[in-house]
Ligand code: HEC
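Take a look at this single chain in structure tokens; it is the form predicted on its own.
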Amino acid sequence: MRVPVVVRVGVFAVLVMGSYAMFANSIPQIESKPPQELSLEGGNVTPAQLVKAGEEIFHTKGTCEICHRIGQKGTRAPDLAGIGARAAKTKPGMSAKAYILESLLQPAAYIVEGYPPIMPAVDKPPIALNRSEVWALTAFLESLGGNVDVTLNDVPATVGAGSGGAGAVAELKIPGDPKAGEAVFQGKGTCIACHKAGKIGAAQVGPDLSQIAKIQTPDYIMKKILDPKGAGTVANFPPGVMPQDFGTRLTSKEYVDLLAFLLTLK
């Protein structure tokens, strides 16, 4: 009696799957465990882990290296090489960790000569680090030439309390049209003559604005357009180049549209 083709194919498939199952079951099984989460506030962290976490924050969420470099001159903000040692000598009577924490949380309290007060508080939007992240970042900065002795108790309990939890950042909604603002940037505002903004432009007369909304507050951006001299000159760029008359040159709508465009640059 001839066995139908469909039956033969089915039997063959069952035999193949059975052989694969037998082979798979012969392999020693390894229990899968989720990676242990690093708990910064639970006491389960070593200084080395803390520094490593802080270094990651420096390069990512903290956005520090957009302005700062370590061992490299010519950036918008001071070179941080050796800051762990230098911080203890900057302000009389203030330890390295106290100075670093003040610089992160109250950056306008002490301005390094030659640099304008453009740094935002890292525990507030747009950066909005939480308490653990500020602790880790401080440890990393201390490690650059100094001793790591910062503890969680050194970081005020209120730090990051208003960040919305889990790194959430409240965004300011500007009633402008970013697309129209991009046209102002390239046209009437003549911004493109000096600035680069993402894929737009290539000029380096002024600072690169490609990530300006990621590192600066809306208040600073607003003031920099209307009162560029009052907002200070970004280090390593010539002073007085940016026009001072945008407040009269641009209409209210053009200004709001331009601001809306700049706030998309993240």
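Residue numbers here begin at 1 and follow the sequence given. Small disclaimer: the values here were computed from a predicted structure and weren't measured.
One more form of this protein exists, namely the form predicted together with the ligand; it is left out here, but the text below deals with it.
- Using a 4.5 Å heavy atom cutoff, none of 69, 125 and 264 lies near the ligand in the model of the complex.
- Among residues of the shown chain, residue 202 is not one whose heavy atoms approach the ligand to within 4.5 Å in the model of the complex.
- For the chain shown alone, residue 196 is not a contact residue for the ligand in the model of the complex, no non-hydrogen atom being within 4.5 angstroms.
- The shortest heavy atom separation between residue 47 and the ligand in the model of the complex exceeds 4.5 Å.
- Looking at residue 97, you'd find every heavy atom of it more than 4.5 angstroms from the ligand in the model of the complex.
- This chain is drawn without the ligand; in the model of the complex, the residue among 160, 189, 176, 146 with a heavy atom within 4.5 Å of it is 189.
- This chain is displayed alone, yet in the model of the complex one of 111, 180, 85, 152 has a heavy atom within 4.5 Å of the ligand; that residue is 111.
- Of the residues in 234-266, those that come within 4.5 Å of the ligand in the model of the complex through at least one heavy atom are, in sequence order, 234, 237, 238, 241, 242, 243, 246, 258, 262.
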